[in-house]
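We begin with a single chain expressed as structure tokens, specifically the form predicted on its own.
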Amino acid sequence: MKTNDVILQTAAKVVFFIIFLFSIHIFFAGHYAPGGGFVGGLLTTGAILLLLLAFDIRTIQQILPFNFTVMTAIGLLLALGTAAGSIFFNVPFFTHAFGDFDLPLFGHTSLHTAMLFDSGVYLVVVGSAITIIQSIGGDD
């Protein structure tokens, strides 16, 4: 179904970027405050769903040419690999490591393996939810 509502499409483009930027903020804030990969992924899915409501599915597939099934697989590998990495260091499963580093652009930064796990969760949530939504709504 192709919609031609200019007001809805224009508003959806603006609101998409606001929601997407907020989801990135929630993703990065999740390590020290509520949020993280799951909530950030749900917000990104909601932003993409808003675009799907304003445009048809073929337009969205041209705008976002990602294979969301592959995105889900990469997210699963990243999350499970991060969690299983602790086995190689002979510490309990899901033990995360962290350290403080001086990076050239970011300055003094604390890096955690939990961020890699959250990245995997983010990819799994976005990939699986959009795959489900496309399979339900893509039969036109």
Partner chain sequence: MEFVLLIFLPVVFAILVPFAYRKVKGIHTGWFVLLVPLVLFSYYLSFLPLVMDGGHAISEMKWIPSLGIAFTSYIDGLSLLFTLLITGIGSLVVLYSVFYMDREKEDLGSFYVYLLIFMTAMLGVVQSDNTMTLYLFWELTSISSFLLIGFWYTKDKSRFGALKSMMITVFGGLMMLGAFILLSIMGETFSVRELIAQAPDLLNQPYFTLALVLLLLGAFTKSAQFPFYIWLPDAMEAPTPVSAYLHSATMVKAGIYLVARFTPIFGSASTWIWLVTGIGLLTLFWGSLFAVKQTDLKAILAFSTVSQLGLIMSLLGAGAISYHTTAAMFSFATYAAIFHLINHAAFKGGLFMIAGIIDHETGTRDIRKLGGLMSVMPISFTVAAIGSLSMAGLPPFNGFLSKEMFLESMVALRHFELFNFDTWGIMFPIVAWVASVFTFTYSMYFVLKTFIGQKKFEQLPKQPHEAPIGMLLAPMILATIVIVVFFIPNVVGKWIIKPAVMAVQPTLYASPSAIDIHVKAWHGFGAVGLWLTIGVIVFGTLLYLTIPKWQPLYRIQPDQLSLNNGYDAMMRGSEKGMNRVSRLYMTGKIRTYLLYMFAFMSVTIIALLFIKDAFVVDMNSFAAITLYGSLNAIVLLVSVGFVVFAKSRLAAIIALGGVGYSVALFFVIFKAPDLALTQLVIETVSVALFLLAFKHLPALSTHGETKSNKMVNLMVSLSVGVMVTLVALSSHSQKMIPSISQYYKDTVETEAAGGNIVNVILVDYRGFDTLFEIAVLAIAGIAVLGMIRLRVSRKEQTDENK
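Since we're looking at a predicted model, the values are computed, not measured. Numbering follows the first chain given and starts at 1.
The following text describes the form predicted in complex with the partner chain, which does not appear among the structures shown.
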So in the predicted complex, does any heavy atom of T59 sit within 4.5 Å of the partner chain?
no
is_contact(F93, the partner chain) in the predicted complex, heavy atom dist at most 4.5 Å:
yes
4.5 angstroms heavy atom contact with the partner chain in the predicted complex for I7
no
Decide whether L64 counts as a contact residue for the partner chain in the predicted complex under a heavy atom distance cut-off of 4.5 Å.
no
Just give me the residues of 51-80, first to last, that have a heavy atom within 4.5 Å of the partner chain in the predicted complex.
L53, T69, T72, L76, A79, L80
